[in-house]
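The structure tokens that follow cover one protein chain in two forms, given apart as structure 1 and structure 2.
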Structure 1
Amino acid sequence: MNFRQSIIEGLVPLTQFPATKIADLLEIPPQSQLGDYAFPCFLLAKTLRKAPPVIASELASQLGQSLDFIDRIEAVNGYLNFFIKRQLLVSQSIQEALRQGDHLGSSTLGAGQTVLLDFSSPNIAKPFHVGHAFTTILGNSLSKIYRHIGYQTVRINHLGDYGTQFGKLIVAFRLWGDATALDIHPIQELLRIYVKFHDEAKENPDLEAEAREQFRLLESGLPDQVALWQKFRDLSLKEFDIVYKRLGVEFDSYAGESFYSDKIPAIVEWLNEKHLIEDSEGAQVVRLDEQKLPPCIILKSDGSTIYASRDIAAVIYRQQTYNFAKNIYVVGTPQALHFKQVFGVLEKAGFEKAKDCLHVGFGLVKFADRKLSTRSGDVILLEDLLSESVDKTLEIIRSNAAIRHPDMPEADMLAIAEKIGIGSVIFTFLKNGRERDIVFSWEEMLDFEGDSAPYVMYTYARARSILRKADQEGIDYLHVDPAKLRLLGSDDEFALAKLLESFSQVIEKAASVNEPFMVVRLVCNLARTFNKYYHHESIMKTQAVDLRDARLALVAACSSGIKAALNLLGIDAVERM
């Protein structure tokens, strides 16, 4: 039974409002003492010409006993407050949670529709630094959230694997490259010669010209140039893969800039046919005055392509290949204008799916404390960040294990530290609204108390610990008689059940605004409420066996809820810690 829907249906005949209107108005009170659902009567005041409190109390008595799942209805301050029968909500919510298990909150909302997520997209031959972490972690989480509610997803890593920079690398590698170093630390070596190229080019401008020539030769397909480029690309990807594996991120496509290189002429031709392109200061541009946007450059004055033209080609290709319902770009907010222009050109060209293209932006990563371990230049490698976090976690695990789990094998501690350490990093990026800048500090990221990945994971481990004990005693808490579940109804139990019940709504909301932090807040809430419960009640020592079993069912439901939510963030829960 859907309580919310039933209340809406009950209110339709009494208010004369359409169901959608009521759905908009029906809210969840700020405090649980005020009820489970609330209907504000202020809008009715105008049509009925009565004071809201009067209307509320009239509605309360009219609605009376017609809704059998309602315990009572109160009229307070012009609000109609609904209290659901606790036992009913609790037992229903736990049964549903146990049925869905680790897929709690999943649905078929997006069945038959495909969402494209363009994220991560690092530049080949450049270090994978913390700046890339945000798009990678955010995109990964969004893909999981969309899949959870039934969409098919295509995760696209739009690699920066083309452009004059590769001409530079080819020139630099021939002059100063070290093949052995390239095999061992490919990106380090490529970065070294890239930096050297720029240093040398200051003295010798001919190098720049040579680089442009080499890129031209690469683009025209000369075997030597292509082979070198391919090698740089392969080795870089191999190194990126190490980070992706640690983060648990996978891609369905690595079609990057090089992939679209030969698709651009057709795009230019298409735009020309529509007479959208005009000459401006030597460059070919599409004017976007009517959209109040600056012109979008399609071809540079030397005739070569640019970021925008490649992105336009990519959108067209993706539509033909995937027939997407949504085409999402997980790219930093500084590029907002760029995407507005790209989508603007497509719209102007009459490409209908332009409205389904979406830029999901995120803030900058800034650094509060500068004393971070870096190997090269002033960038912080994501790999180093992950390792640092894992190391710090391992220290804590070691000191805890000495007290609580003297039997824990070294290999387990390492595996757990890896998951918690990486979970902490992921959590740092996903805990707030994505458009906020992240001021990065070790102190905050490695603060494992309160709302943090370790806190949530710890809660899961505690719940699992109880269930292991129940398993040992042979208790079947997954198939508890619904009648027993109605024994639950304390404040904590009710609060937990309500949180579990809210999963699907929260996850759908998170998807609709592309904000994983909503899932973070949900799971933190669940963890906090669970810890409270854990502290108040000794589950396994509950005297009455039926009540104990019901409580175990609730614990099982909560544990799968936490696991499900963590999975949506890209974090792997651990059974012990």
Structure 2
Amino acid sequence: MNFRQSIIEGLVPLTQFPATKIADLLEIPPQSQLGDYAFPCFLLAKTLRKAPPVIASELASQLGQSLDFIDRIEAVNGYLNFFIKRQLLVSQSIQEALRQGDHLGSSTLGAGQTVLLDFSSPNIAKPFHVGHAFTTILGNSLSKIYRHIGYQTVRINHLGDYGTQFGKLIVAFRLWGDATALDIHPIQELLRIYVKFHDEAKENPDLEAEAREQFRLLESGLPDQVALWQKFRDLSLKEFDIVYKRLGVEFDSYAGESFYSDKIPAIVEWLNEKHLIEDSEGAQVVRLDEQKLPPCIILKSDGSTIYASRDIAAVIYRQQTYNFAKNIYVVGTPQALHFKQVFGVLEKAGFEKAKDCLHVGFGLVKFADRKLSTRSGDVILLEDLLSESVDKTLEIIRSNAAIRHPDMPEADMLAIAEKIGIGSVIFTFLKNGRERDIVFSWEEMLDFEGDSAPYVMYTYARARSILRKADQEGIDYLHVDPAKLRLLGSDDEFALAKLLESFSQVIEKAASVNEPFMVVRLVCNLARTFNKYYHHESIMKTQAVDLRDARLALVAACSSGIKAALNLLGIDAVERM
């Protein structure tokens, strides 16, 4: 039984509100003494012509007779507070968690619909620095969340593999490039000559003009320019793949900016047919005055394409190829204007799916007194950050293992450190609302006591340790009689069950606003509540066998919940710490 849905269905005929409206209003109170669910009656006052407290009182009386899973309904200050029968909620939540396992909270909400996630999108021939981590980690988590609730997801890496910067690289490589160094350390060599180009261009402005010409020739398909560009692209992707594998990130498409270059003429023709393109100092633009936006440049004065024209072509192509329900761009908030212009052009041209294109922005990555700039060469590589996190985690594990697990092999410690170290970086990017800036603190990231990846992963390992002991004693906690589960009902057990029961609602909400931090908050609450329960109860030493088995079933349900949430964040759980 879905308690929340049953309450919604019970309220529909009594309020004459549609189910969607009631679902938006029905909330989980901040304090347990206010109930398990609460419904505000204030919006009903106008239509029912009664005071909210009176409406709440009447609804409480009417609903109390039809919802047999409700222990009681209280009308308080215009709110309907629903209290579900404890043993019923605990029993059902555990059974559902054990049934779904790592897929807890999954649904068919998005069945038959396709969501495109455009994320990561590093620039070819440039280092994969920590500035790319936010989009990569956020996009990966969102793709997992959407898939969890039934959507077909397509993960697109819209590579920055076109533009004037490639004209600069072609010029720089011909002047100062080292072919051997390019094969051995491609990104380092490309970064070296890119930085050198900008240094030299300060003294010799003609280099910029030559770079623009080389890019024009590249767009025209000249073999020499294309061959160099392809080599830069292939070698860059090979290095990027090392980082993606460490993060556990995969893509379904690597169609970057270059993929859409030959599709621009059709876009220009389409916009001309709509009488939207105007000349502006030689450039071709679409004015967006009615949307209070600056003109969107489609073609530059030299006839070359620009980000906007390639993005417009991408939207059209994606609609024709995938027939998307949502086309989501996981790109930093500074690009908000760009996407408003792109979507604005599509809307002005009458493209119906413009309304289904969405920019999901995020904040900046900050380090004390440091700025990230590829041109200056002052970058913090993501690979280095991941390795440092793993190394620091390994130090902590070694010191703990000397006390708790003196027999743990070095290989096991390395494997655990890799998962926790990488997980800590991922967790740091997702633990707050996505538009907040990330400021790195190793103390917070690797804190085994606070709201961190190590704390949550340690809680999972603790639960698994209990279950391994039960396995050794031959206890079947996965198939406990539901009657035994009704023995559970303490405050801690009820709190855990409520968190497990909320999984589907939280995950669907996280998808609706594209905020994985909601899943982080849920798993942190689950970990804290479980540890409180662990310290209150000696689970394996419970004297009554039926109660012991029920508690073990709850432990198994909680471990499934933690693992399911970590999976949605893109973090691998560890069985032992």
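We call the rigid core whatever largest set of C-alpha positions still superposes within 1.5 Å between the two forms. Residue numbering: structure 1 sequence, from 1. Bear in mind that the values here come from a model prediction, so they are computed numbers and not experimental data.
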| query | finding |
| --- | --- |
| Correct structure when looking for the form predicted on its own | 2 |
| Flag for Thr15, CA shift 2 Å or larger between structures 1 and 2 after aligning core | yes |
| Shift of Gln214 between structures 1 and 2 at or above 2 Å (CA, core fit) | yes |
| Core-aligned C-alpha movement of Gly78 between structures 1 and 2 reaching 2 Å | yes |
| Rigid-core-superposed Cα shift at Ala56 between structures 1 and 2, Å | 4.6 |
| Following rigid core superposition, Cα shift of Ala201 between structures 1 and 2 in Å | 3.1 |
